[in-house]
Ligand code: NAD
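The chain below stands alone and is given as structure tokens, in the form predicted on its own.
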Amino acid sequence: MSEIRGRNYINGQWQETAETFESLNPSDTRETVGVFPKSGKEEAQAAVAAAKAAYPEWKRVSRVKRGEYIDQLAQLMKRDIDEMTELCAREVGKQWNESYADVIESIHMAQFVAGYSRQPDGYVVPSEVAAKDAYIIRKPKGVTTCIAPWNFPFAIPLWEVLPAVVEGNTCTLKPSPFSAACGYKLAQLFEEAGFPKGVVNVLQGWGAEVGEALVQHPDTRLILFTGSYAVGQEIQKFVATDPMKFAACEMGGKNQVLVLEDADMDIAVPAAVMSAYKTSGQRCVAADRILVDRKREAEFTEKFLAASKRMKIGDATRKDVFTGPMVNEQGREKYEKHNAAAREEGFEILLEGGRLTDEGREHGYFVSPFVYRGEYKPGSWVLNEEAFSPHVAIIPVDGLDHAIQVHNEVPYGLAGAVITEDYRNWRECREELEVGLLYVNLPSIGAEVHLPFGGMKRSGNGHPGAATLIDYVTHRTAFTVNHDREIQMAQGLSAEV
């Protein structure tokens, strides 16, 4: 692929800015994937104005017609699967198969939302008064800002944008600057799919310079955010000061795999490896704590370490590697900070991780797995803060109740997995674990678009993404009609005047 010269997409027009930034290939930083606009307040104002101007007409477009635009987008993505897969692997460092899955998930999201456009958009409810009909209908909230992370550069933006626009909202998407080329590709697809001007705008740039301006713009009514807890918390704080705004935030996790006494190790080990290391641990659902029943810990640890050592790490565009690099130097430094904290807090280091600079990896952000073990320490920083890297703690626990207790003491609550052969165990986990997503005899990764995706505590504010985001991009409006020639009131209220 040649170097991309990206532009903003505002009101159906391609626009540049005076300042630009580069997006580099994290597998080989000598390669510039593209150069993109460094947007600021001026561009944010223009994008919000375009979305505001398009909103009155777009919300009056048939919901079925809005779904047809989205179906056209799905067809275009099917056509461009290979191109999008390669672009994802090159720009964000997701191994080829993971990048392919990201694109497929994007297509699934578009297919789901397009089909949903023909589903009921409200319902009839009974009234206390026989002569009345009562309805609940949905109305769009208005101008929307979508802020998406780099690690699912096609899927997550569409989790946010498509539920919003199918319900009649108009929006501006701000991709991560580390997935700017993927965001630019989405903008090109939105244009080719024929979305009217201003319905979907795409702005490139950094959160502090353009994301904040989009969120704080007085005409923004809805903010859909996926990213770090720190940024999500600031968005929530700001939205709390403005009753005209609503935010749905998904903010990462400190996820765990529970390996119980009756676990099948042929499931437990690969599930833990995938949970810990896919996307080099840079998934909000990645598990960097593995709670293992003390009676099985030695067996599990031996097999997990063996699998960790033989894992193939390399250029993300290669189909024969298990995982690729960290996305940038900041990610690698965060990984090293967590590793240092594990040493400082006195844990036993089982596998020394570090930077990989051999075998053609000297120009990328490659690191190897870091694994440590020790008794659970409630006040431990390293056991409670998201590592977002191949950094893994093995913690022995004494039975199911202890595992649940240790699990629930973390401040996050996004995803988790339990490995057990006893249905009573997984049912107890289903009822007691404080998570938004739970997997049984599976890795703590995966997101089918027709299921809710979101967590509790620091992981989210109860408004899950993907398909169920549709519940939060609309207002429910009660609509009651009297068919009698007299006024009759519910609850026995007199209508005499």
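This is a predicted model, so every value here is computed, not measured. When you see a residue number, it is the position in the sequence shown, counting from 1.
Beyond the structure shown, there is the form predicted in complex with the ligand, which is absent from this document and is the topic of what follows.
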I'd like to check something about residue 206: if you look in the predicted complex, is any of its heavy atoms closer than or equal to 4.5 Å to a heavy atom of the ligand? yes
Is there a heavy atom of residue 453 no more than 4.5 Å from a heavy atom of the ligand in the predicted complex? yes
Distance check, residue 98 to the ligand in the predicted complex, heavy atom within 4.5 Å: no
Residue-level question: is residue 231 within 4.5 Å of the ligand in the predicted complex, judged on heavy atoms? yes
With the ligand left out of view, choose which of 198, 149, 183, 324 has a non-hydrogen atom within 4.5 angstroms of it in the predicted complex. 149
In the predicted complex, which of the listed residues (220, 420, 169, 176) lies with a heavy atom within 4.5 Å of the ligand? 176
Among 313 to 321, 403 to 411, 130 to 138, 150 to 158, the region lying within 4.5 Å of the ligand in the predicted complex by heavy atom distance: 150 to 158
Residues within stretch 232 to 261 having a non-hydrogen atom within 4.5 Å of the ligand in the predicted complex: 235, 250, 251, 252, 253
